[in-house]
Each structure stands twice: as C-alpha cells, then as structure tokens.
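Starting off, we have a lone chain in the form predicted alone, written out as structure tokens.
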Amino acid sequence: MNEIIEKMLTRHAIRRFQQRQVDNEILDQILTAGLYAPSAGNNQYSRIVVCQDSEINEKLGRISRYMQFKGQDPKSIAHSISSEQPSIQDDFTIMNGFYNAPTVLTIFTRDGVYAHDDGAMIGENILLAAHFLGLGACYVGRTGEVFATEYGRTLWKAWGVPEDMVPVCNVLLGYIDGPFPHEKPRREGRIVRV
C-alpha cells in the first residue's frame, strides 16, 4: 500500500495531550500544509489563528463543551465515541471541550456557500500533517457558536480577524499522552458504485 495512504488510514482523533508545547518548526510545517488546502475558486481568503495561551484555550474549551450540551443533561444525549481517547460525550467529567490541548487553531474563512468546505479542507490538511509529523490532533466543530458569545466576539476582534469572515472549526494540536489508539473497523456498505 502507498505510504501516504497508509498514514491516512492510521490517523485518529486524539484528545489526551501532554502539556509540552508543540515545536515551532513542526507547527510551521503543519500551518503551511493548512494554507495549501483547496479553496473555492482558489480564493485563499482564510485565517488560521494559533492560540497557545492556556487560559484562553481553557475558557474557549469550556464554552465549546457547554455548546455541545446547551444546558441539557449530557447523559441524555451522549453517545460513545472512544474509550481510549474519550470525548466529552464519553466522560462527563471532562469540562474542557478542547481537552487541554496546548495549541488550539481556529480556522476562519470568508462567509458564503463554501465557507465550511474551505475551513474543513484546511482542517483536514492540518490533521493529516500533524499525524505525519508525530503529533496528535482533533477536529472540533461548534466554533461558530463559541465565537458568537461575548467572549468569542471579543477575541475575534482582538485577533484582528475581519468581520466578514466566519469561524468554521478548531483543530487541537499536541503531543499524544498515552498509547496511540487502535484501529477502528470501517462500516460496510458505504461505497456505492454506479
């Protein structure tokens, strides 16, 4: 099997991170991979905000967790995701929806029909680059809701991100804490050939 495809098949969402910060040289490579993601009409109108401030990341992570459940009892809407890398769906004692990742990326793109497509492509390039370079990463949605809060809007402005952009996703980065998750089998019947 092709080495790149094999690496793609072994990527997993990582939610347990060591507290050492990501090496700048590795981070630069990952960010460059994100910038080379496709964008609608090659617009390249996106921003990747890199936050390594643990206080900000903790507060945004708590807001993200809240947005997941929106005041509902987590047990009533949760479903199992991973016992090896538990999510806020698996372990209700996890209060930070960013899982204490030392580096949190927020991806903003131009508003419009393809905004989420552009942001997701940047996110996927980052996830793959992180895995290829030995880091753990996790894609987190709910970013629009998080940045619609007063705290989120304050950061958006402080970070100098244009108001005509939309926050699409967060990507959490860090060195993996603990063993790498085992391979999860793929469900059958998901390819239709016509």
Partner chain sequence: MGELMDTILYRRSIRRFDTRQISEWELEQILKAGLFAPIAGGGQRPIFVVCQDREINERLGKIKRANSHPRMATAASYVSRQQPSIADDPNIKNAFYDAPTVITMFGPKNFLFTPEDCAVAAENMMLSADALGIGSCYIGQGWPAFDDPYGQEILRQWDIPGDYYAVSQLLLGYPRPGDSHPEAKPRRAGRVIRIGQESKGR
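Note that the coordinates shown come from a computational prediction; the quantities given were computed from them, not determined experimentally. Numbering follows the first chain given and starts at 1.
Not on display, but discussed next: the form predicted together with the partner chain.
> Does the 4.5 Å heavy atom contact test between Ser46 and the partner chain in the model of the complex come out positive?
Ser46 belongs to the contact set for the partner chain.
> Please check if Asp117 has a heavy atom lying within 4.5 Å of any heavy atom of the partner chain in the model of the complex.
Contact check for Asp117: yes, within 4.5 Å of the partner chain in the model of the complex.
> Answer yes if any heavy atom of Asn125 is within 4.5 Å of a heavy atom of the partner chain in the model of the complex; otherwise answer no.
Taking the distances in the model of the complex, the answer for Asn125 is yes, it comes within 4.5 Å of the partner chain.
> Though only this chain appears here, would Tyr139 touch the partner chain in the model of the complex if you measure heavy atom gaps against 4.5 Å?
Taking the distances in the model of the complex, the answer for Tyr139 is yes, it comes within 4.5 Å of the partner chain.
> Counting only non-hydrogen atoms and a 4.5 Å cut-off, give the residues of 1 to 26 close to the partner chain in the model of the complex.
Residues within 4.5 Å: Met1, Asn2, Glu3, Ile4, Ile5, Met8, Leu9, Arg11, Gln19, Gln21, Val22, Asn24.
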